[in-house]
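Below, in structure tokens: the form predicted alone, a single chain.
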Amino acid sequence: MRTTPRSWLFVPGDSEKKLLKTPETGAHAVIVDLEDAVAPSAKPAARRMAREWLEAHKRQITMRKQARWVRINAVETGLWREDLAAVMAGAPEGIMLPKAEGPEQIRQVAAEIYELEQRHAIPNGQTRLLPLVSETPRAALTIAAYMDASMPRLAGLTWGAEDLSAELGATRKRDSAGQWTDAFRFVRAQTLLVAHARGVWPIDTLYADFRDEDGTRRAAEAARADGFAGMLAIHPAQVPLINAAFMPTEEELAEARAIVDAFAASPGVGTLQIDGRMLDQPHLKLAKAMLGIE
């Protein structure tokens, strides 16, 4: 699996000013948004700006530290083919598909990407796909189908609460304690479990109030603690908070090294004890993952 971007920053595709500032944000992945952030009348200009940004980004080695993604419009809109035709010349690392309603839509978009890769001399399969799997009730009920379907381009799964709440007519997404309410908790858990079962990136949704630093920090820390590999962001101010939350502490790294060393010193042992704690193979697996050891 490729290195997982921890912070995924949405940038409006029709804002040249914001696109030019992306290297300063520190985001591991930038998602140029051609969907919700762009008014219908501005979409042609956004496609042009996105293509120009992708091509410039591709040429400048110092900028390539950020993965370049594009959120196209949903399949049901009929605009997605125009989006792909415009941006694939810039060879983005991946395409985010909003309002994805199951593997069949992923395969439909993947087939179009294949044709465009051939046209632009992009290596076959280089362009990955990250579907937003929860934005309608139908989409939310298809998440389990991603587990076994053939989708070679699938990079990960992510979800969103804003569109789904509008579809449900929900007047709240979180309870008085700040926890997700049942429908959103169900979607989030399904996204996490299916992504891990599939072996792709589980990416948690954004925290909507970008001015609330403590809220963003808590959400990012919870995402990492629950097993997500990264998190979406809607404002550059959220990026350092997300990056910090997903970075292992020195104490965590030291503990992981101690666990790996202890098992290496006792080959063939299934369980052992460190500082009064009984540790077994799941602990070893988690420690290796933290240290980036296969």
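Counting begins at 1, following the sequence as shown. Nothing here was measured: the structure is a model prediction, and the numbers come from that model.
Below, we refer to the form predicted together with a small molecule, which is not included among the displayed structures.
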Any chance R128 has a heavy atom within 4.5 Å of the small molecule in the predicted bound form? no
I'd like to check something about L206: if you look in the predicted bound form, is any of its heavy atoms closer than or equal to 4.5 Å to a heavy atom of the small molecule? yes
Using 4.5 Å between non-hydrogen atoms, is P240 touching the small molecule in the predicted bound form? no
Does the small molecule get within 4.5 angstroms of any non-hydrogen atom of R71 in the predicted bound form? yes
Determine which one of 261-269, 43-51, 30-38, 241-249 lies within 4.5 Å of the small molecule in the predicted bound form, judging by heavy atom distances; exactly one does. 30-38
Taking P103, V133 and R138 together, does each of them reach the small molecule in the predicted bound form with some heavy atom inside 4.5 Å? no
Of F210, W180, Y114, F186, which one comes within 4.5 Å of the small molecule in the predicted bound form, counting heavy atoms only? F210
